[in-house]
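Coming up is one lone chain in structure tokens, specifically the form predicted alone.
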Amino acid sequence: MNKLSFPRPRQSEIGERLRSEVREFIDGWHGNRHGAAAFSGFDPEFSEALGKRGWIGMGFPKRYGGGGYGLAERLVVLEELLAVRAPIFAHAVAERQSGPLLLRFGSERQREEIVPRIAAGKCYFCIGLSEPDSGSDLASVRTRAIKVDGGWRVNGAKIWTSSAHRTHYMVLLCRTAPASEVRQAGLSQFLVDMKTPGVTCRSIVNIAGDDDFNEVHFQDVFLSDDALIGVEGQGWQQVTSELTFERSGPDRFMSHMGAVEEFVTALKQQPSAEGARTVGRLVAHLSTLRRMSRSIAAMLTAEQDAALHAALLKDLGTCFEQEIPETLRLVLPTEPEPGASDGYSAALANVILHAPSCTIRGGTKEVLRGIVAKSLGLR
């Protein structure tokens, strides 16, 4: 059980000073940030404004356009942006995991050409992992990259790829060697320009009517040798380190805060003891998840393996977010209605429609609990 020890998070005076600066910046921002669905807003103008402030890629080295801060400072800025449902979806994936991946495993050319653009809020990424008929079983990847003269020829398909139709690059996981008894072996990662001939995106409209998800097809797509990220055949090890960043941030348990905020506003008009207990319970859970997230940031800063901790946090965060709609409805029943003038009704409809997708992002509950069980020697 010692593997489940969460170290004390690092306190950051610099981060706390940044917190007030971010709040001041948000107060002066006149774009859309209070809509019911704005927590996932895709707004390049807002991303570039953050980039000019140095608030994207804060942990990147300065030579690659970063701020030279630590993960603790980055979490402070991210918490403040998520709390007000700022439209950060354009740059979120690139900053959270693609940039760190390139810094750790990418070639010098990839780092010099792309990472500074990420930090400027001008370069966006999607992730090519899940495949049709395979769900979240990444080890069953069937998209193939075959070695040809001067590069690789890729054929296959990815699914549930967020924002593939409006991002500049994909980090693609491919099979580069025949499948063997070790299912995770023979996989490699590639940097794919989404304008490459042979790459096509098909939008998937979700239950909320949004088209964030895509099915992405690769037909005889040629990638030059320098598109390979890291070492051929080491894709599994690289992608699991990348997923630790995806699973451990506050965006995995704060995306429904808009509904909670609207609930509290509505509760002020109909105060009750049960309502007070509900708010207290939500805040207690949120505080615990936040403490765990900051602890994992400290582990990552110390270059410790936090895959188990990140899987546990992501699972708890998913449960927390998916329980919010029913928890709120039991206290303040209302008719959920997308686009309603009543903020609570609109926000409640939004989280009801988006709660199922919380499971998909960053790994299903089954996958995450499998990681936890295996790490503890239970399977």
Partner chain sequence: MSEETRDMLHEAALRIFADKPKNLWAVLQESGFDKTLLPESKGGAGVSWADASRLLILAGEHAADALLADAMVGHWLVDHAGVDGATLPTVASSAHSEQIRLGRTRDGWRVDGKLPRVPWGGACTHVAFVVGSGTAAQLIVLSRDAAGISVTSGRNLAGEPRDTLVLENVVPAAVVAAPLDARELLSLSAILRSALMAGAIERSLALAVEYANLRVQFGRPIGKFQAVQQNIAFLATQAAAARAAAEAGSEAIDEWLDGVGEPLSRNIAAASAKIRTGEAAGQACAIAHQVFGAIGFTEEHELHRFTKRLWSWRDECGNEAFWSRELGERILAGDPGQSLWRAVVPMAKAISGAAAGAAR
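Residue numbers count along the first chain shown, from 1. In this text the structure is predicted, and so the values were computed from the model without any measurement.
What follows is about the form predicted together with the partner chain, which we do not show.
The partner is absent here, but in the predicted complex a heavy atom of E79, alone among E215, D212, E246, E79, sits within 4.5 Å of the partner chain. V264 is the sole member of V231, A139, A177, V264 with a non-hydrogen atom within 4.5 Å of the partner chain in the predicted complex. Shown alone here, G150 lies farther than 4.5 Å from the partner chain in the predicted complex, counting heavy atoms only. Although the partner is absent here, A208 lies well away from the partner chain in the predicted complex, with no heavy atom inside 4.5 Å.
Taking the partner from elsewhere, E335 is found to have every heavy atom lying beyond 4.5 Å of the partner chain in the predicted complex.
Not displayed here, the partner chain is kept clear of P197 by more than 4.5 Å at the level of heavy atoms in the predicted complex.
You can rule out all but one of 251 to 259, 185 to 193, 123 to 131, 104 to 112: in the predicted complex, only 251 to 259 has residues with a heavy atom within 4.5 Å of the partner chain. In the predicted complex, the partner chain lies within 4.5 angstroms of at least one heavy atom of each of the following residues of 282 to 318: V283, A284, H285, L286, S287, T288, R290, R291, M292, L312, D315, L316, in sequence order.
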